[in-house]
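Encoded as structure tokens, the following chain is the form predicted alone, with no partner shown.
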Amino acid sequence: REEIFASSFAAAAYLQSIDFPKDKKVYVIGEEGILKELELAGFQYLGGPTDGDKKIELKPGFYMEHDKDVGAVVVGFDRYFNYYKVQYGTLCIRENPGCLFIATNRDAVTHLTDAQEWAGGGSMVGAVLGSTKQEPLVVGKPSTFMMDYLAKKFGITTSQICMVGDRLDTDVLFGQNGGCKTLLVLSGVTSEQMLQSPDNKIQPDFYTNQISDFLTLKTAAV
């Protein structure tokens, strides 16, 4: 926990940074990681995986209640995503005065298996964006919030950091937005063909095939 900081941590850290009222609640469209970080930070929450089985019976006159004390809706990757969650989050954002719409990330795809790409957290964020017509505050990559937080926590400057990742539009852009050097690895989402495409406007400082190449460099140096 002292060395690994996930986007779920960023959501809780952001709420702490703005002194989010402890008497307000957070509605979560996401998984256990977000709930654990909110709990560690001392925030009240509802939603998460437990709402994954909830359904809405659409019949004449049906009115869906929601908690008026929800002051923020946090949306992240959610394998238990459903219509109930979209409607609940939408009601909170649209009807609770000042309710924040926070996204942990907007990744279009993710790698849940090695067989194919799967819809990422950005698809869940996009559904809530579509129904609320409100842009989320993104606290994970490529937002600089996390970078600034870590630089302050460890007492370093961003120019001393090299951001390593496999995505151009999140990892590399995150590093560039934060003033870091960037290294792209070609073992994930981005291929060398995509990197060198004339349509690609995001160029890392360095790139390599895989992160294990660092071990080869280290051995050669010794």
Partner chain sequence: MAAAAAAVPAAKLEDAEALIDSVETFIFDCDGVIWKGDKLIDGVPETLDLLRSKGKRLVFVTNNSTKSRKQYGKKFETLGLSVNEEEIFASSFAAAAYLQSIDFPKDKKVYVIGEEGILKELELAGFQYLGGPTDGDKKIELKPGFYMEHDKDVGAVVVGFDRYFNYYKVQYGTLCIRENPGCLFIATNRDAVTHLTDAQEWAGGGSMVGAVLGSTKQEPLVVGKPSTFMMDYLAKKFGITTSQICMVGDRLDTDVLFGQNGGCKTLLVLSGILIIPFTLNSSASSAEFASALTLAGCLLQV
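Residue numbers count along the first chain shown, from 1. Note that the structure is a prediction, hence the values are computed from the model and not measured.
Omitted from view is the form predicted together with the partner chain, to which the following refers.
Here the chain stands alone, but in the predicted complex its contact with the partner chain, taken as any heavy atom within 4.5 Å, falls in 60-68 among 179-187, 60-68, 157-165, 34-42. Checked against the partner chain in the predicted complex, the residues Val138, Met147, Leu100, Ala127 give one hit for a heavy atom within 4.5 Å, which is Ala127. In the predicted complex, the partner chain sits within 4.5 Å of a heavy atom of Asp169. Looking at Asn96, you'd find every heavy atom of it more than 4.5 angstroms from the partner chain in the predicted complex.
At a distance threshold of 4.5 angstroms between non-hydrogen atoms, Lys152 is out of contact with the partner chain in the predicted complex.
Taking the partner from elsewhere, Ile56 is found to have a heavy atom lying within 4.5 Å of the partner chain in the predicted complex. Taken together, the three residues Phe77, Asn82 and Ala119 all lie with some non-hydrogen atom within 4.5 angstroms of the partner chain in the predicted complex. For the partner-free chain shown, Asn82, Tyr83, Val86, Gln87, Thr90, Leu91, Arg94 of 82-97 come within 4.5 angstroms of the partner chain in the predicted complex, judged by any non-hydrogen atom.
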